[in-house]
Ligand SMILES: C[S@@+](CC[C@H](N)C(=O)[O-])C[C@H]1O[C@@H](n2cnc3c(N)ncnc32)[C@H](O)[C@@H]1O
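First, one chain by itself: the form predicted alone, in structure tokens.
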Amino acid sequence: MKCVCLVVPKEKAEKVRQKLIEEDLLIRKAKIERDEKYVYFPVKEKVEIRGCYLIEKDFEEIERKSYVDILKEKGIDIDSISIDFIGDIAIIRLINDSYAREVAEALMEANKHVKAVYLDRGVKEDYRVRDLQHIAGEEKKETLHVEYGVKIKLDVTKVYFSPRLAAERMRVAKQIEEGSIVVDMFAGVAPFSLIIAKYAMPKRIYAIDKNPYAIKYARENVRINEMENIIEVIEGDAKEIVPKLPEANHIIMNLPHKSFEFLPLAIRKGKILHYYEILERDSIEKRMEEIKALGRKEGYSIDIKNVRVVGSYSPAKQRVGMEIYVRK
């Protein structure tokens, strides 16, 4: 297979390899090549690294079996499986948990970067973190996830993080105007804040959460991404903190089970609300009317745009996103 090749001097190869893996730039189905002086990395796009250069090159294609193929060879046919890859940890959800061990082992065989697999048994009420059972691999809980070049460190048993919202986080970042004040009301480990800080030009981002573990990792993520001059991480309840903050151009409201109860506070403080809620499939229109009525009660005019489904939650429910424009 022919693709873009990054030519790297041997003495720099391992450091560059780690960088390419962290930024998800390495083409895994192409075999890395070497000679006496250089290592040749197949990459997904052009990348500039000092002391290295780009060419086009033919690589040997590596045949990789999918976890589905591996399971079928064992006589196991899985009807439904949900997988989240977070750094080098995989989290799975199954209709039939009796196949969990076989699925986990197949996943690790098909995805060599995966070091641990956990079974997701739902979300616990305390800080709404996943109830996870270790199934295979190392019993590691902390990992480093890379999203659009942003490093996100977390413990999957202590905080909630969804890699499925990556495109949504980037979509929101592209709406942030230069010089904006942004409030991330339920920041978690701060993925929305980090992506906005990297890809927009906000004046200040206030990232709030009451989970002390999320705050710990949010602060570390801000540090390792060198964003201390943009993002301020604040521990506490958004209901107490938001009234003390400056008026916001944008407020992120990613607490889909409880966002509606925080809406009056956000309406009073922000101009554009990036709002997420888990709703019954046939109740979206009703909720939009309730949001407009709530705005009128608070003395504001509400426009709702970009209503979209950003993920499924159950057969009957969806995670819905929308932009709420607030005017006095």
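Note that the coordinates shown come from a computational prediction; the quantities given were computed from them, not determined experimentally. A residue's number is simply how far along the shown sequence it sits, counting from 1.
The discussion below concerns the form predicted in complex with the named molecule, not included here.
Participant: Can you tell me which of 89-97, 185-193, 131-139, 114-122 lies within 4.5 Å of the named molecule in the predicted complex, counting heavy atoms only?
Facilitator: Checking each option against the 4.5 Å cut-off leaves 185-193.
Participant: Name the single residue among 237, 177, 79, 226 that comes within 4.5 Å of the named molecule in the predicted complex, judging by heavy atoms.
Facilitator: Going through each option in turn, the one that passes is 237.
Participant: Looking at 148, 85, 199, 127, which is the one with a non-hydrogen atom within 4.5 Å of the named molecule in the predicted complex?
Facilitator: It is 127.
Participant: Heavy atom to heavy atom, is residue 181 within 4.5 Å of the named molecule in the predicted complex?
Facilitator: Although the named molecule is absent here, residue 181 would stay clear of it in the predicted complex, with no heavy atoms inside 4.5 Å.
Participant: Give a yes or no for residue 172: in the predicted complex, does one of its heavy atoms lie within 4.5 Å of a heavy atom belonging to the named molecule?
Facilitator: No - in the predicted complex, heavy atoms of residue 172 and the named molecule never come within 4.5 Å of each other.
Participant: Examine residue 216 and determine whether its closest non-hydrogen atom to the named molecule in the predicted complex is within 4.5 angstroms.
Facilitator: No, no contact at 4.5 Å.
Participant: Are any of the heavy atoms in residue 164 no more than 4.5 Å from a heavy atom of the named molecule in the predicted complex?
Facilitator: No, no contact at 4.5 Å.
Participant: Non-hydrogen atoms within 4.5 angstroms of the named molecule in the predicted complex: do 249, 264 and 325 all have one?
Facilitator: Heavy-atom distance to the named molecule in the predicted complex: none of the three under 4.5 Å.
Participant: Counting only heavy atoms, which residues in 244-283 are within 4.5 Å of the named molecule in the predicted complex?
Facilitator: Counting only heavy atoms within 4.5 Å of the named molecule in the predicted complex, the contacting residues of 244-283 are 254, 255, 256, 262.
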